[in-house]
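As a starting point, one isolated chain is supplied in structure tokens, in the form predicted alone.
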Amino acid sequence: MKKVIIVGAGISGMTAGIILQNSGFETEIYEKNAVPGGELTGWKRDGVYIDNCINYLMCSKEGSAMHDLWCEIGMLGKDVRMYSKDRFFTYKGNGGEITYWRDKERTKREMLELSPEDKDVIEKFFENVKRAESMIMPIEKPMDKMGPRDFMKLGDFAKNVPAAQKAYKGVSVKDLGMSFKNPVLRNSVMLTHPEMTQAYSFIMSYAMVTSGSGDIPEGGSLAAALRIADKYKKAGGKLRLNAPVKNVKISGKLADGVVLEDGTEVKADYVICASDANHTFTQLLPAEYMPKKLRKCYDDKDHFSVFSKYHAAFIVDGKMDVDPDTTFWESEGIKVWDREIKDVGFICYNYDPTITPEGKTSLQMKLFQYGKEVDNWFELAKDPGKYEAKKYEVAQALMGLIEKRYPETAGKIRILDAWTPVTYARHCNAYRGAYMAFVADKDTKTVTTPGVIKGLKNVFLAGQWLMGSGGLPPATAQGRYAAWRICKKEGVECR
């Protein structure tokens, strides 16, 4: 029985571990943290759960290959209740209101009633939302190993999704927003995705919801991570927590195994690096092993950027009369660093009684952070006192905006926690505190990197950084791809 060591117990690493265990391999996962999941996680403050990851689970529709894979690894299953979204989000501002309903025809009617002068832009938008509903995540084999017949099997995906991407080629989310004459529609487009992101990313995200995907598993991200870890252990895998890996031990063109931070050497026939890609090639492996496609993304900062978020979580004494989902509104504004933000919003978690305590309202607010703003958090973190003070200064300001918009919360709302790009770097070794992967700008083709390393025969890569802008579906798929490659080399069926 061949042994595989996997570095990182995020969703990629655990997916690879489950599939390899089921395919007859012996595996061990080494994880630096005390809990598995990586960025698929959550935690408690004052006894209240705070979720860090799943706002909507893309590709979760029953009958899809990704849904089947998620059931296989324990993310989903018959015993996992799903909360069905009736909307993507709501925006209230600039004298109007718009909701991006799951029922796209309803959204289209309401947009046309709100802004008949935007008819052509609206018609094009929904034509391509319908096309993007065909989006699936190919998981049978790595995409670099797919041939014409494999793509033919993808059916509507191969026909419709490229057409939707082409329709908005060279268009950013900001450009898409500015194409609307109506300020309500214009501003609403620029709330859920970074402005420099390709417009198709917003369209695809909305299409996930309209297609019947995008629902939310009960218990949130941490519960999902623990289910996956339990599935891995039941398959016979060994999960080593609080066990950071120092480096992969290399002899010639082969890896002998890994060296832990405490100096322990663990031998293996294969190694999968399922950690942050920058960490992999600055700590686990020498930088010269980084694939050229991946290196291009790090080097070409003008066309491939990363972003992060500032988060604040709140608890309200009492049930607020708000939609249990995502609501944005035009506020008097908040200034974070040198940028003033007018349109703000929160996620209300009252849809899930396992997350929100009885008689309470659980809220979370998020602010995109870019470039210099991210740098500022890391610089401030050098002084822990100033860093903590800044975190809660922003949280206090956001709480004030909630109280002004919802006066019934005054005196009843308090801060549970606040976290920044620094948190992602500390917890997940995340490059520049990014919780997603590289964002290709509107003029640049998204890069997918095969999870192989030139010059090393038995080391493979997994993780969201290898595919587009990342996220849970790509991360999960990359875990399966890594397992597939090892099964292929050994001539066994990938189960």
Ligand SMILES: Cc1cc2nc3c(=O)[nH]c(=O)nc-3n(C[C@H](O)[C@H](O)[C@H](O)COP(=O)(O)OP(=O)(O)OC[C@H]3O[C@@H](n4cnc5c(N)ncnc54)[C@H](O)[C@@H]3O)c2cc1C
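A residue's number is simply how far along the shown sequence it sits, counting from 1. Worth saying up front: this structure is predicted, and the values here are computed from it rather than measured.
Although not depicted, the form predicted together with this ligand is the subject of the following passage.
Not one of Ile250, Val266 and Lys454 places a heavy atom within 4.5 Å of this ligand in the predicted bound form. Proximity to this ligand in the predicted bound form, taken as heavy atoms within 4.5 Å, picks out 242-250 from the listed stretches 192-200, 224-232, 124-132, 242-250. Of the residues given (Arg432, Lys32, Lys61, Lys442), Lys32 alone sits with a heavy atom within 4.5 Å of this ligand in the predicted bound form. Put simply, His311 is close to this ligand in the predicted bound form: some heavy atom of it is within 4.5 Å. Although the partner is absent here, His427 is a contact residue: one of its heavy atoms lies within 4.5 angstroms of this ligand in the predicted bound form. Proximity of Lys141 to this ligand in the predicted bound form: non-hydrogen atoms within 4.5 Å are absent; the residue sits far from the partner.
Not displayed here, this ligand is kept clear of Ala483 by more than 4.5 Å at the level of heavy atoms in the predicted bound form. Heavy atoms closer than or equal to 4.5 Å to this ligand in the predicted bound form belong, across 38-73, to the residues Gly38, Glu39, Leu40, Asn52, Cys53, Ile54, Asn55, Tyr56, ordered by sequence position.
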